[in-house]
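Encoded as structure tokens, the following chain is the form predicted alone, with no partner shown.
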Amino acid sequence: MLLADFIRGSVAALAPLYPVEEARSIIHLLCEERLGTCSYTHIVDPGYEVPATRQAELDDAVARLGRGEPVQYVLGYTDFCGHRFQVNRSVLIPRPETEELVREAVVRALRLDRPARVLDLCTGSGCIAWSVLLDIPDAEVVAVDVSADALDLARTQFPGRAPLFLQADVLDTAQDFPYGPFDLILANPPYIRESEKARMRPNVLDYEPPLALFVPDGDALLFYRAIARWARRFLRPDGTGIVEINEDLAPQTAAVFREAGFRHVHPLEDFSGKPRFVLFSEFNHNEP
């Protein structure tokens, strides 16, 4: 089969799920990974044939994509902060917006006159923890998640010195945790309300782990209250917390940290101008 025909037919197969340009980008990415072609190969070399030995593999991948499976799971990886992370259905696919959390954390860690100690809560694939460590090799990074499957993947992302990955329930804020204190506490916790499912795509709703995505409408900020308690226990007096948030709940999320006794709390916008993060620091120890 000609590569041009394969691309045309595959894009058409994804049309019910994606806009045409997004479908085309997905198929080009698949071809780049599996065949080593470029997005323009079928144009500059219109006679390029898909090797017969690869056809079944490609057809299977397109079938998975056509059922709504994210291309990152089909390929087994995604790129984040300049590094290639393994992903599977036990972990949330890292988003570009979250890279800004990492950049902010690295800037603050590099200002310290000592190796930074960093705690990453709800670590999932480990993309935040690993990205900080890869940018700051002398940092001490501890990462926590409730999912054993997620931690199994996170631990194997890269060779060499790794973050310390621990299984723990972030919502258990009174548990013994003899690893603090920390200069930075980071988190991208579940924050999508159950009622928001109706406007989500099937490739997220049907494939990414609900444990990493959803919170009940009646208690949408439960993870942030827990993170505030972790920060009260383990954040150094001059330390900073940075959390990713639901853009629709920015004022309410900031209020959680103010009510927990942090004096300096402010939102941070992502590259789209949406309130995507809350930064907090300077815990008032006179608060109850």
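Not measured: the values here are computed from a predicted model. We number the residues from 1 along the sequence you see.
Beyond the structure shown, there is the form predicted together with a small molecule, which is absent from this document and is the topic of what follows.
Undergrad: Within 4.5 Å of the small molecule in the model of the complex, counting heavy atoms only, one of 117 to 125, 153 to 161, 135 to 143, 67 to 75 shows up; tell me which.
TA: Result of the contact check: 117 to 125.
Undergrad: Would all three of Leu110, Ile242 and Pro275 be in contact with the small molecule in the model of the complex, where contact means some heavy atom lies within 4.5 Å?
TA: Checked in the model of the complex: no contact with the small molecule for any of the three.
Undergrad: Within 4.5 Å, heavy atoms only: does Thr98 come near the small molecule in the model of the complex?
TA: Thr98: yes, in contact with the small molecule in the model of the complex.
Undergrad: Residue-level contact is defined here as any heavy atom of the residue lying within 4.5 Å of the small molecule in the model of the complex; does Leu92 satisfy this criterion?
TA: Close contact exists here: in the model of the complex, Leu92 approaches the small molecule to within 4.5 Å, heavy atoms only.
Undergrad: Taking the small molecule as it sits in the model of the complex, is Ser147 near enough to touch it, meaning that at least one heavy atom pair lies within 4.5 angstroms?
TA: It does: once the small molecule is placed as it appears in the model of the complex, Ser147 has a heavy atom within 4.5 Å of it.
Undergrad: So, in the model of the complex, is Met200 in contact with the small molecule at a 4.5 angstroms heavy atom limit?
TA: Met200: no contact with the small molecule in the model of the complex.
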